[in-house]
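Here you get one chain, nothing else, as structure tokens; it is the form predicted on its own.
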């Protein structure tokens, strides 16, 4: 085996272990029950596998409402990030206008302000307009967090699609929208899927804004944060495991788009 290939494989294995070991330990703690959590020394395999911990977690009042809220917020965040980010990215990629470079910089600067600094004025404003403690309010904040990435990635994707392909479609009778739909969108779709994954993960894992902007309509992360101090340890492990699983399932479901994007990038 060549030294370079061995180095790449070693780094890939190290990265995989770095990611998978904490997930594995979380899983055996969630399925092993209190006995496995309190056992010392801990084994690589649980003494017994039980679903009692997860059953207890899902039976807690408010968990299913929090899960539904998280799903709704993540779906709204993905939709608004793509609906706002893709057109902005297309404009950056295809048009020349005054202040274009400054606009790119301003998009990045939106991530320079910590959400903790913005939480208080956002809370006051949302109360004034009547959307405080709603799923839509949390989705707006999560969209603001994911939108810079969506705009810049979309811009890079559309810049990678030759403009000559669109112009050829125009000469064949397509309108600008038809050329975008039939030519540009199929080529950019893998990257758009990656942007959706990022928006989903940002929304699903975000906790600070969801905790500040809600009282009753809490997402799962905010619900777990408020209940951790008074919850048993195995409840925390079950909640942590469930927070990981949906993101992994979502990434697995759209993995073929990611592979397609990498294939385009390698050509």
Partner chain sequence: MARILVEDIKKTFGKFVALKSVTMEVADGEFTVLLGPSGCGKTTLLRIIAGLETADRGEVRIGERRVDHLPPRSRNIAMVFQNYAVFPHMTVFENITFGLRMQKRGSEEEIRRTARWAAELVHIESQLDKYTGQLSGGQRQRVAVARALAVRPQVLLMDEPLSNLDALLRLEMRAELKTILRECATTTIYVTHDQVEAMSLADRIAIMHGGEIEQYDTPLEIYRNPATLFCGGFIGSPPMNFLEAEAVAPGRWRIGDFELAGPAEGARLLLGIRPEDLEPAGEGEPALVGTVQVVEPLGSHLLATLRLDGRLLRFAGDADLPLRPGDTLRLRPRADRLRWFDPESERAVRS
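Numbering follows the first chain given and starts at 1. Bear in mind the structure is a predicted one, so any value in this text is a computation, not a measurement.
From this point on, the text means the form predicted together with its partner chain, which you will not see here.
Proximity to its partner chain in the predicted bound form, defined as a heavy atom within 4.5 Å, holds among 197, 183, 76, 157 only for 183. Under a 4.5 angstroms non-hydrogen atom cutoff, its partner chain in the predicted bound form lacks residue 82 among its neighbouring residues. Its partner chain in the predicted bound form comes within 4.5 Å of no heavy atom belonging to residue 71. In the predicted bound form, residue 152 stays away from its partner chain, with no heavy atom inside 4.5 Å.
Proximity of residue 130 to its partner chain in the predicted bound form: non-hydrogen atoms within 4.5 Å are absent; the residue sits far from the partner. Highlighted residues 169, 174 and 187: every one comes within 4.5 Å of its partner chain in the predicted bound form, counting any heavy atom.
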